[in-house]
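Next up: just one chain, as structure tokens, the form predicted alone.
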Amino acid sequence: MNQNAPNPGAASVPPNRSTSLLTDMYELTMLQAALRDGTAHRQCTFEVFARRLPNERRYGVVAGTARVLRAVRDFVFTEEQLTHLEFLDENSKEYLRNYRFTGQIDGYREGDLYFPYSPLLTVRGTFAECVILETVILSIMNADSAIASAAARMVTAADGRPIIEMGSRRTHEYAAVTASRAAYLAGFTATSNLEASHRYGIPATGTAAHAWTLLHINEDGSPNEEAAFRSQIDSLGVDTTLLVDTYDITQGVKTAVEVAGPELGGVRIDSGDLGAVTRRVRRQLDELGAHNTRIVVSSDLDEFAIAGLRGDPVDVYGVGTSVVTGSGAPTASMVYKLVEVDGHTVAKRSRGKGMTGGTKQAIRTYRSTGVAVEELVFPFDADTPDTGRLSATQLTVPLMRDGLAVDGLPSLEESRAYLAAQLLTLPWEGLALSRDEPSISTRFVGFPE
């Protein structure tokens, strides 16, 4: 495994990249109109929030914050890009030529929990400089938060047993990298993706696929599983994990231990009724003296399958498709809405899409036992509400000042530890996998009715 952690987020990201065209055209057409009618420089607040949690889950996980700050920093326009924007007038192009975000961003820490209408990100500045950030901010936070939320449920279901992220081949090649980061944030222990390991310092792991076993045949074309195992062990040592289900699992386990000896590191099973198979394999390994050989399972696992295997002798889970696709919820459905203009509250009032206007911050209250009770959302410049005998934690923290990320932002490892601690504050029913109401309510205080 790769234990070296380079500068997170920077290792293989081009130093002079531009994120400015990771956007929708209407953001720039609004900019042009605003520059023409004089509204471009009005002081505004935009807010990122979700109206509901996908699939009636009990909580969501905030992820992608560090990537958002990097994307905002890199939101600059090159001459080549400006030439491509033929639909804009010269005044708009000149504005973009000199564009740098100079505003303020506050929000929830990466790795925090969120609930419906939690004010996850508050972006303040002129209309012109804030409006064109909508798509890049949402594309990062929606994808990363969806994956981290699903991965956190899987980590809970695994009940302390390690989970490896191995979903690269089931998504876009670069989405695979950021999906691995989000899964690691949520508590996965390693990834099969080498770019993710290089870029974010995530431990990498991997041994061999079925193709390796199938490659080894005798002169007459018959399978030679023993040769495949022996070669892998010669290359990687006896602590490796052998894939034993290419042909017959029972024979595969027998051959694996015969070749490696009882100190074999692990066997992987990627097919069949995993509960029944792992019980049989555990008995067989123990009978062969391989008491410490780990059993690794994969094969289309999600949080429900992992929970179903909790009573079986599984040592490590490998999860692919379900985690990189959000396990049925590929987006967190977050939105980016204008909530204040020149100090005046504004709010969309469309049926089914209502919201509360105004710049906001939030706290979360706790019982003396450390169990979370609710979130209180209140005006950004107001005093913190009285919480009585409940303790409170500030959720809204500074992230960017005058266009620069604040000092002391947490590393990926720190955010990972923070999330693990936050999950422990949920009421016990909040960790359930079944559909239900959010485990914590969000209450607005100090806003007009």
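The numbering used is simple: start at 1 and walk along the sequence shown. No experiment lies behind these values; they were computed from the predicted model shown.
The following text describes the form predicted in complex with another copy of the chain, which does not appear among the structures shown.
In the model of the complex, another copy of the chain sits beyond 4.5 Å of every heavy atom of residue 407.
None of the heavy atoms of residue 55 is located within 4.5 Å of another copy of the chain in the model of the complex. Contact annotation for residue 307: none of its heavy atoms lies within 4.5 Å of another copy of the chain in the model of the complex. Contact check for residue 29: a heavy atom falls within 4.5 Å of another copy of the chain in the model of the complex. Only one of 285 to 293, 116 to 124, 209 to 217, 374 to 382 lies within 4.5 Å of another copy of the chain in the model of the complex by heavy atoms, and it is 209 to 217. Using a 4.5 angstroms heavy atom cutoff to another copy of the chain in the model of the complex, none of 156, 356 and 370 count as contacting. For the residues 259, 76, 335, 316, the 4.5 Å heavy atom test against another copy of the chain in the model of the complex is passed only by 335. Using a 4.5 Å cut-off on any heavy atom, the residues of 25 to 46 that reach another copy of the chain in the model of the complex are, in sequence order, 25, 26, 27, 28, 29, 30, 32, 33, 34, 36, 37, 39, 42, 44, 46.
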